[in-house]
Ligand SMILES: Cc1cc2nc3c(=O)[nH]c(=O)nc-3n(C[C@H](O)[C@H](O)[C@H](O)COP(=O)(O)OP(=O)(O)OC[C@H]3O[C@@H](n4cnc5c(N)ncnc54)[C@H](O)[C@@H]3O)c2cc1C
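A single chain, nothing else alongside it, follows as C-alpha cells in the form predicted alone.
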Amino acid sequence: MKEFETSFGLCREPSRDMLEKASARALGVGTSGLGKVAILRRSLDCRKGVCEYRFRIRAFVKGEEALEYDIPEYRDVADAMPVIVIGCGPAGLFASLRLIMEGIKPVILERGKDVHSRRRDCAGISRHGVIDPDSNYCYGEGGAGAFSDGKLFTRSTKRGDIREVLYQFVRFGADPDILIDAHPHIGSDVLPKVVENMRSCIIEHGGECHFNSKVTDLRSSGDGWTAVCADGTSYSSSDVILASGHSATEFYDLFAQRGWALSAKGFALGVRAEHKQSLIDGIQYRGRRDPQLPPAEYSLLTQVRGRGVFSFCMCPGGVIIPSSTSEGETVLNGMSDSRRSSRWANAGIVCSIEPGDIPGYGKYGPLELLEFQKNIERRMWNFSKSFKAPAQRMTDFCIGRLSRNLPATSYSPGVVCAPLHLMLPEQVADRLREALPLFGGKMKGFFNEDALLLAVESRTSSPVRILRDPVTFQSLSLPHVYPCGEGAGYSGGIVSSAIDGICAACAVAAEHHITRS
C-alpha cells in the first residue's frame, strides 16, 4: 500500500484510467498488478499562479488487503434504556445517532420547530421584521448549522473520528465529494433535507423527537433526572445529554442560579465584511475565475496587541443573515447554498476576547463575557430599532468617518449608516482598524471603499463553558448530565460539535457498560 499526491490540472474527478496510471507509477508496478485505488483528499492549489487540483491517493497492489471504513449499524431501540437529549443541532443529532448504534433510546427535546417550519419563520425576519424566539436561524431542528454555510472543516482531529461524521452526512443525502474535499461543504439548500433524513432514521429505529419542547428546568429525580418543559410536560431518564447550542443562554442562567459549575470562556466579536465575489475571485485566482473553479475563499489572521484578529466562517458566494434569537438584539451570520451562487462574499472579521479583558464585567462572575456580548447586541439594535444592521464602509471605519452612503448588500433586512468605529467596544474597534489595512496588504484589493462592514458578529462561539470531567464527560456538578457541543463551550462548528456529541453518547454507553452486539 502507498499513499501519494499528484495533480490532474483542473480535473475535479479523474477517470479510472488516469488514477490507475498514476497509482501504478507510484507503486512501481504495471496496471495489471494494481488492487484497490481510492482518492483520500482533493484540494485546490493556486500558490504558483496556476490553479490545479491536487489529489492524495491510496493505492494497493493486487492481493493486498484494502482497509475499509464501516459505520456501525443502527439498532432497534424502541424498548431500550432511554436517554434525554436536549437540543437537535449537530451535537444532539449525532449523539442520538450514536446512542442508537450503542443500543440506547434517544429522547430528543427541541425548543424549536422542525426544519421546514423553521424556513418560514426565518423568512419572516427579513420580510416582516418579526422573530419567533424559539424558531429562527439559531433555534430549531438542525440548530444554527442547518441554515449556515454548511462548512465541514475542523481542526479538532484529536477529539474523535471525523470520518464517522462525514460518512453519516453522505448516508443521509450529502454529496459524497465531502469525503475527499479539503474544505468540504454541504450548503444551506441541502442541509435541511439531510437533517430531516437523520430525524426519520432516529424515529424509525425507536427514538423520539419532540419539537416545541423548550426545557426550562432540570430536576434530580431518584436515580436520574427530569427535564421540565415550558408547557409543563416532563421527561425522565437516568442520563441527560445537554446539547442546547451556543445561544441558549437560559441554561447558563440556570446553572449560575443553582451554583452548578461554570466558567467564563474566551470568544470573538467583530463585524461581517462583505465584498463582491468577483473581487475575491480576482485576488485569489490572480485574474478572472475559470468556470471550472469554485468561488474563491480566503482566510486571514494577524495579532494586534496580544489578541488575534481573524476571518471567521467565510462564505464565498453567500449572503449575510439575521441570527438574532429575539427582538432587541442585532446578530449577524453568513450562509451559502451548495452552488455558492450569490454575487457576494462575506466573512466575520473578529477579535479575540478573553475573561478579564473588559473592565466592569467581572461582577458577573462566569457570565461576564455573556453579559458583555448581550450588551453589544442590544447596542446595535438600539441604533436602528429594527433588524436593519448598522453598517459602514471599510475605509470610513478605519479613518473614523461616518459613511455618507452604503454599497449594495446581500443582507435582506437592510442596513443603516452607523459610526461602527464608535459603537464597537474600543478594544475591538482599535484592533480592527489596525488589522484591516494589514489584510489589504495580504490580499491586494481587499481593503477598499466598496467593502462593507456590518455589525455585529458576536456568536462565533459560546462565552461560557459548562465544566465537565474530561474522561467521563459528565458535568462536575451534575452526575449523569453530559454537557456537549457549542452550548457547553467545547466545540465550534458543525463537525466539532457532531464529534463532541458522539463522544458524549459513547461516554453514556461506557458508564452503563453497554457494548454493541
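It should be emphasised that the depicted structure is a prediction, and the values quoted were computed from it without experimental measurement. Residues carry their position along the shown sequence, with the first being 1.
Absent from the display: the form predicted together with the named molecule. The rest refers to it.
**Report entry** Selected contact from R307, K265, K151, R119, since only one has a non-hydrogen atom within 4.5 angstroms of the named molecule in the model of the complex
**Finding:** Among R307, K265, K151, R119, a heavy atom within 4.5 Å of the named molecule in the model of the complex occurs only for K151.
Query raised in the report: Among the candidate residues A144, I100, A347, L424, which is the single one with a non-hydrogen atom no more than 4.5 Å from the named molecule in the model of the complex?
Result: Contact with the named molecule in the model of the complex is made by A144 alone.
Report task. Give a yes/no on whether F372 approaches the named molecule to within 4.5 Å in the model of the complex, heavy atoms considered. Result -> Outside the cut-off, so no.
Query raised in the report: Is there any non-hydrogen atom of G334 lying within 4.5 Å of the named molecule in the model of the complex?
Result: Flag for G334 set to yes.
Report task. Considering only heavy atoms, tell me if R111 and the named molecule come within 4.5 Å of each other in the model of the complex. Result -> Yes, R111 is a contact residue.
Query raised in the report: So in the model of the complex, does S244 come within 4.5 Å of the named molecule, heavy atom to heavy atom?
Result: Flag for S244 set to yes.
Query raised in the report: Can you say which of 163-171, 252-260, 435-443, 319-327 gets within 4.5 Å of the named molecule in the model of the complex, counting heavy atoms only?
Result: Answer to the contact question: 319-327.
**Report entry** Stretch 355-374 - residues with a heavy atom within 4.5 Å of the named molecule in the model of the complex
**Finding:** Contacts from 355-374: none.
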